[in-house]
Each structure stands twice: as structure tokens, then as C-alpha cells.
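Here's a solo chain for you in C-alpha cells, the form predicted on its own.
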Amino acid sequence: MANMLWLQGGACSGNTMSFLNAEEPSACDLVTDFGINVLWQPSLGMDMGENVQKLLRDCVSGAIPLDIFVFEGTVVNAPNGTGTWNRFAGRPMKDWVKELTAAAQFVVALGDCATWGGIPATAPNPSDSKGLQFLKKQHGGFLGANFKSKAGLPVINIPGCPAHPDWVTQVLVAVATGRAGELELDDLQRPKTFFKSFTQTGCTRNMHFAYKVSATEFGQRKGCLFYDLGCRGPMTHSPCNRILWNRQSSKTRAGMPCLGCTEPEFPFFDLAPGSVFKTQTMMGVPKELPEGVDKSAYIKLTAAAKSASPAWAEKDIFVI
């Protein structure tokens, strides 16, 4: 039996809502099949007031072993480093986070806010929000770059706005069943199982990307969303087109551009006017290109692709 405690800082509860929709395994499967004992969770916990305070103190002291600590949302430090803008169970949430992460065998940051700071940490960041071990791409965050949990691992980052529910439950199962050592992490501490490939992997629009056929509006079933509508699929690490949402679809399959929400720079360009849903270009060439592609090669490749594009690439070939 693995004890799991889940707290929420500065967040919208989106990752909790996503988690409750998990299917493989489901949130219930974690308890019935994989032996996870949910000590408390913001939307599931029954205890309130002094009972929650006692539970937290017991986890900090070791009276209740804390195997997995999941944190959703940013660590709010405002005003003036006190953290009193986000109080929980009688004290600033950041104080609980500091003590509980020190007591936990494994620490999981869930969602963009907990991993990198997300939207709340976007300039000018009035809440002085930070992720657990990153602030955007800067290593350190609230806990510091050298933080290791009792099991010897850094914070396990599961980014996304929100994270896919099955990414969450599969990582929790690996930790709870003693297979955390198999979770190879990338340089941003994301499990490579999910974040080694790109969102573009498995995208149904890859043929349009190859022939430089562009979608011009949301919801179109033909055309690539990268060239004009700001899709970040070729530069974003996620399995959104391999592990589909609701087992049915993804943003790009539905005709909406990927916003790159699993990357630490999200939201990109600090949401400056004209930067959302619009590809940023210079002399017709996107300012950001797919990983490993240089500008001169891109110009040659797209020119050849456009001239070789077959007539059917401009047609809606989907029948459903």
C-alpha cells in the first residue's frame, strides 16, 4: 500500500478534473488494483479543518509514511515572499509544500503550473508564482535545483494544461508498484515514455505538413496548422496524437493548433497581442522551426514540397 497525498496551490483544478477522467488505469483502479491509498485530495478528500491539519502534520513528522506527494498548481510566494496570498490549513501553502516534499519518498509536479509556473508565472507574475523545481525553463523553482526526494529522485514533472489523465495514472502506478527506477527522465525531468516524441507524431495532418498545404481557419479538416495558425506540434514534446484524448481525438485532429502546453515557455511570447493562433514569421519563414531543421534547409524543402504537392492534398479526403 502506497500512501499518496495531493495538494493544490495556485491553479484552476484542471488537472484534477483531467485525472478523474482517466481510463487506463482509472482513478478507481489506482485504489482497487494498484494499492494506492489516497490520504487526501482537494476534490476527493472528506476531511476538513483540524482533521486535515493533523493529517498534514502526521505526514511531515513521519507518523504517517508519505510515499507519493502530488502537487498541482503554482507555489505562490507573494506578497514579499510570505506566500500568504495562498493559505491552506492555517498557514501559507508554500510552508506545507516545503515540509511535505522533504518528507515524501517521491514528489510529482502535475500540470504546467506545478512544473514550470505556467500562466500564473507569466510576466509580470504578480503572485510571484513558481513551479516546484523550475520557473519557466530556469532550473531551480521553489525547491531549488539540487532538491531530491527521499528516494533520490528530483521532482517528476508531468506537464500539460491540463496533463492527459493517463499520463498521470500510469506514472503513479509505476511509482506505487516499485518501478520508479524505470521512469527515465529528460533534461526537464519529464518521463521520456511520454515526452520523447513530438505532438506531431501521429498527427493526421502530417501529409499536409509535408506538402506545405496550410489550413486557413479553425476546424478545417484539410491543411497543416503549422504554417499560418501557430501550431507548435512540430516543436512540442508530448504524445497527444499517440495517446488520444477521450480515446477519440486531439486538438490538431479537431482542427485546432497545438499551443505547446507541455513546454516550459508556455504560454509563448507572454501572450502578446498577435502571437496566439498566428505563426510568427520573418520574410515568410517561421521564426521557430521544427527541431533539427535549419532555415536554409527549410526554405529548400518547402519550395520543393509545394511544387510536388499532388492535387488531392488540397482536398478534404476525410469521410467522417
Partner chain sequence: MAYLGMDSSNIQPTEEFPEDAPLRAQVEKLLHAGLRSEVEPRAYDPEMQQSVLARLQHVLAEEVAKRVEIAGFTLHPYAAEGIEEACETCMYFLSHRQFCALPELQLPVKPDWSCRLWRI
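A quick note: this is a predicted structure, and the numbers were derived from the prediction, not measured. Numbering follows the first chain given and starts at 1. Basically, rigid core = biggest C-alpha set you can superpose within 1.5 Å across the two forms.
Not pictured, yet referred to below: the form predicted together with the partner chain.
When the partner chain is considered in the model of the complex, Glu99 lies well away from it, no heavy atom lying within 4.5 Å. The partner chain is not shown here, and in the model of the complex it never comes within 4.5 Å of any heavy atom of Arg57.
With a 4.5 Å cutoff on heavy atoms, Ala63 does not count as touching the partner chain in the model of the complex; it lies far away. Although the partner is absent here, Thr216 is a contact residue: one of its heavy atoms lies within 4.5 angstroms of the partner chain in the model of the complex. The candidate stretches are 42-50, 257-265, 63-71, 280-288, and the one lying within 4.5 Å of the partner chain in the model of the complex by heavy atoms is 280-288.
Residue-level contacts in the model of the complex: of Trp85, Phe88, Phe147, Tyr227, one residue has a heavy atom within 4.5 Å of the partner chain, and it is Tyr227. Residues Lys295, Tyr298, Ile299, Lys300, Thr302, Ala303, Ala304, Lys306, Ser307 of 292-307 are found to place at least one heavy atom within 4.5 Å of the partner chain in the model of the complex.
Ala305 is not among the residues whose C-alpha shifts by 2 Å or more between the shown form and the other one once the rigid core is aligned; its shift stays under 2 Å.
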